[in-house]
Each structure stands twice: as C-alpha cells, then as structure tokens.
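A lone chain, given as structure tokens: the form predicted alone.
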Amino acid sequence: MAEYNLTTPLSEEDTRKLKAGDIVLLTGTIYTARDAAHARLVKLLENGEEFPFSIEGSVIYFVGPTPPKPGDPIGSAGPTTSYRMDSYSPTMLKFGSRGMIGKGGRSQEVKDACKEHGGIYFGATGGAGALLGKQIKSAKVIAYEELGPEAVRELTVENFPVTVVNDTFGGDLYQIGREQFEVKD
C-alpha cells in the first residue's frame, strides 16, 4: 500500500497507478451528488444536454452535508452509503468521471466500470463527518438547490483523506480485508 497526494481533476494516469488499500489525500475541486441528483445528472448525459460542471476527471462525493456553523463553508460532511448510486455510477464513469467517494461496498457492475473506464471508488471514514468537513475550504451549490442537502455542490478540498476501495485492476479492499482473516483449512 502506498500514499499519494493527488490534485483534481484526476487523469487516467493518476487512477491507473492506484491500488486497493492506497491512501490518497485529494486537493482541488470535487462535486457532491446523491441518488436524486445522480438520476438527473445521468439523464442530462444520456440526452446530450448541458452538464452543470466538467465531468472529465471529476470526483463525485456521495454526501448530504449539514448546514455550516457561522464562518464555516460547510457543516458535517460524512459519506453516505454508496450502493444507492450503483445504477448511475457506470454511466458517470463512461462519460469521463474518474472518482467516487462514499462508504460501503459496490456492485460488480461498478467494479467492472472502474476497470473499463479508469475509475476509482474511494472510501471516506463514516462517522468522521465533522473532521472531513474541516478539509473542505469552500462549498457552493451549483445545481438542484431544491434538493437541499442533496443539491450538487462544488467543493474545494485540501488534503481530503480517502482510501482506495475499488481500483482499475478489479481490486476490492473489502474482499482483501476479509481474505486476510478467513480461516483456511
């Protein structure tokens, strides 16, 4: 396992060197979207309509942040369970997104799309939303404000800590972890 400092947008060269278990500190711009926003975003892509941000090399954080305290750009910003985005993530990767941040396992279809399109699924630490929020330097709603916490936001992050869960080689950190502790006959 290695450690990397990467700046967004991510290139295919960036993602193809990462392996399940690697630690990454992300700096730059990432975008938030949960299931309701993903449904709308995928429809835009499939219809060739204008997208609210440049999808090429983008990293999407599955989060619904809490309101900020006065003077803070964002409140608690912990990851949400990722499987709810499984039906949308392959399309996002196909159109150029390079990374997803969430918690929990992903479907085989998402893992296959990561291999095919050079995408990475990063895990962020669940239960550490207040600490993760400290790595977010600015936040602004850029689409679907009516969705409240689930609106699409543009976040500027600095040294945002994530772990590679699914890599471009088919590696799955959750499976690797289980295999280390399985009793062998």
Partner chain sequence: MREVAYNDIVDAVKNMIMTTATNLPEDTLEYLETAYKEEKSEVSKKVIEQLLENAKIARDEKRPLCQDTGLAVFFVRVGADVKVAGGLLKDAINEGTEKGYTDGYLRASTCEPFSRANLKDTVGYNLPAIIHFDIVEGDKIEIEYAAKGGGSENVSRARVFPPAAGKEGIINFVKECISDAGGNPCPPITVGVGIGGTFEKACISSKHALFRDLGTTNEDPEMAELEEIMLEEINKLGIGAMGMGGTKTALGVHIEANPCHIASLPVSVNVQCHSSRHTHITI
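Residue numbers count along the first chain shown, from 1. Since we're looking at a predicted model, the values are computed, not measured.
Unshown form predicted in complex with the partner chain; subsequent notes refer to it.
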Answer key: of G28, G118, G64, P52, within 4.5 Å of the partner chain in the predicted bound form (heavy atoms) is G64
I'd like to check something about A2: if you look in the predicted bound form, is any of its heavy atoms closer than or equal to 4.5 Å to a heavy atom of the partner chain? no
Is there a heavy atom of P90 no more than 4.5 Å from a heavy atom of the partner chain in the predicted bound form?
no
Does any part of F95 reach within 4.5 Å of the partner chain in the predicted bound form? Heavy atoms only, please. no
| message | Given that the partner chain is not shown alongside this chain, does S138 nevertheless sit within 4.5 Å of it in the predicted bound form, heavy atom to heavy atom? | response | no
Full three-residue contact with the partner chain in the predicted bound form, heavy atom 4.5 Å, for A39, I142 and G171: no
Across 160-180, the residues having a non-hydrogen atom within 4.5 Å of the partner chain in the predicted bound form turn out to be P161, T163, L173, Y174, G177, R178
